[in-house]
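Only one chain is given next, in structure tokens, and it is the form predicted alone.
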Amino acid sequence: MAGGAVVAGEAMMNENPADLAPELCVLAAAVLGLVTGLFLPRARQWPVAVICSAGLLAGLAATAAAATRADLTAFASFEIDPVTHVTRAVVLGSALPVIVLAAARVRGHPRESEHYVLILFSALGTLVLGASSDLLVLVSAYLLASIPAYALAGFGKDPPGTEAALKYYLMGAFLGVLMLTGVTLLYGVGRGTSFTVLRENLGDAPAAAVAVGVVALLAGPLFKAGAVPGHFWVPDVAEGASPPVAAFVTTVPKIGAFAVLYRIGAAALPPGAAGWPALVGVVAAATMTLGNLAAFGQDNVRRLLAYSTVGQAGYLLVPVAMAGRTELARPALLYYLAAYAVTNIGAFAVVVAAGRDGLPGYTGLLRASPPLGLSLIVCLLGFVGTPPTAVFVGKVLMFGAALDGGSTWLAVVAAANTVASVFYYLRWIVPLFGRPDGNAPRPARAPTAVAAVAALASIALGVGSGIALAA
């Protein structure tokens, strides 16, 4: 009761909708885009893309303004702190190039406006997921981020997309039910759903019940993150859905998932509860190892990138495992998230621009289109963690967090996986230096520009890491 009174008091103090200005910008753009699409001819719905892009830009501006203010809790359920600021910036900054990538593909489609709106609603759910500090808000955000993504996966209504959407939905529904079971169990033993209340009460609860509740709760965020055991959908959706949708679902939902996983470890659980460092550490090791091993034999670049994202999810779980154990955990996670998003969007932009899925189709790309070839090399070397790219800085921070948090074994596993990953990225890089076959299609301009900007952003984040980390 005392915890509930405290929460109620905080809610009365911070019930200002302006605190959620970035989320409201995205919501307003999505609703306006949906309504506008109703009155536009089916063949000319491109203004909806402009409206949605404007909403994302407005959200970024609101995020920059919010980052200058002190941390606070809004409506007793949303944390407005550095984790939220970075989550907002990365989600909005990632959704914007996805709209650019999707525009050429869905231009003139009878449901063009719905495509953009679904992207915004899923991004909105991810924003809420990353800021949530209450289990009920977490569940609502999970559903909002997931359902539009299922529709996007099957948007083309072709057999591969339909199969991908069905697998995506079934796995999301199953793991969502497990997550609800965990929420129910933790509510019962923790006497509340607020992270603050849970942290106060779970220390006195039966350890076995807390452990079972935490494991079940993790099912939902791990599914959104594409981590073991919720990773099976990733290669099928990356291959079956359109490349812009693949770029979106393998980038944006992960950001909110890792943010809320960090919050659970740092703010919802008492120190040592449910064996958090060991539990998440084992999942991290399994995820990075499985993802990297599965990527070796892939000849389809979209499946290769899909397993690459699974491997990267394993690295991102390392600072999550160290939540509350070292001060390096938070900057390591946030910097790696931004670096991963830029790099993954850039790699998928190359796939969209080249229009080819097989590895042989990329032979001679560096000569045929130097900007596109160089962008791909930067992104793939970035995934490895080669300086001066952004992922290199993220990995250095990740290793530092693991060592500072006392998990040397996890740092060793991550280092071994990093070395192993070099070989399958080289399988894609080496053919780029070959001779073009003369039948290569002309790369699309807009996706090429997105890939080039992403590659430059990766290098800029790597070179300017000192400034970014000091901010």
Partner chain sequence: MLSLLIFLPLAAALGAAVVPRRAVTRVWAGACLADLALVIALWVAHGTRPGVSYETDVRWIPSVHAGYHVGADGLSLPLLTLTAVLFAACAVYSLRQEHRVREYAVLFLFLETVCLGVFAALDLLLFFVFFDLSIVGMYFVILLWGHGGRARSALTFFLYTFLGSLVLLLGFIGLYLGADPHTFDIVELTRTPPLAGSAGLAGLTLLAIGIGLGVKTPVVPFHTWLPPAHTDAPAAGSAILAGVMLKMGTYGLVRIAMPVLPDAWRRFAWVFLAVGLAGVLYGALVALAQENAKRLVAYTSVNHMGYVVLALGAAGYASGDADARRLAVTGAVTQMVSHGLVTGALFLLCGVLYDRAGEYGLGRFGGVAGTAPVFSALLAVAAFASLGLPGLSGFIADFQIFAGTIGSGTTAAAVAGALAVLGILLTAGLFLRVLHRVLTGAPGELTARVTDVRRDEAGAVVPLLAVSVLVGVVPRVLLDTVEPLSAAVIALVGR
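Numbering follows the first chain given and starts at 1. Just so it is clear, the structure is predicted and the values come from calculations on it, not from any experiment.
One more form of this protein exists, namely the form predicted in complex with the partner chain; it is left out here, but the text below deals with it.
J.: Would 160, 222 and 239 all count as contacting the partner chain in the predicted complex, using a 4.5 Å heavy atom cut-off?
T.: No, the candidate spot makes no contact with the partner chain.
J.: Which of 170-178, 384-392, 306-314, 203-211 has heavy atoms within 4.5 Å of the partner chain in the predicted complex?
T.: Selected range: 384-392.
J.: Quick one: from 67, 60, 35, 403, grab the residue that has a heavy atom within 4.5 Å of the partner chain in the predicted complex.
T.: Of the listed residues, the single hit is 403.
J.: Select from the listed residues 415, 444, 50, 28 the one whose heavy atoms reach within 4.5 Å of the partner chain in the predicted complex.
T.: Checked against the cut-off, the match is 415.
J.: Decide whether residue 453 counts as a contact residue for the partner chain in the predicted complex under a heavy atom distance cut-off of 4.5 Å.
T.: Outside the cut-off, so no.
J.: Taking 4.5 angstroms as the cut-off for heavy atoms, does residue 397 touch the partner chain in the predicted complex?
T.: Close contact exists here: in the predicted complex, residue 397 approaches the partner chain to within 4.5 Å, heavy atoms only.
J.: Within a 4.5 Å heavy atom cut-off, is residue 426 in contact with the partner chain in the predicted complex?
T.: So residue 426 counts as contacting the partner chain.
J.: Is residue 46 a contact residue for the partner chain in the predicted complex, using a 4.5 Å heavy atom cut-off?
T.: Answer no; every heavy atom of residue 46 is more than 4.5 Å from the partner chain in the predicted complex.
J.: Residue by residue through 209-224, tell me which have a non-hydrogen atom within 4.5 angstroms of the partner chain in the predicted complex.
T.: Contacts from 209-224: none.
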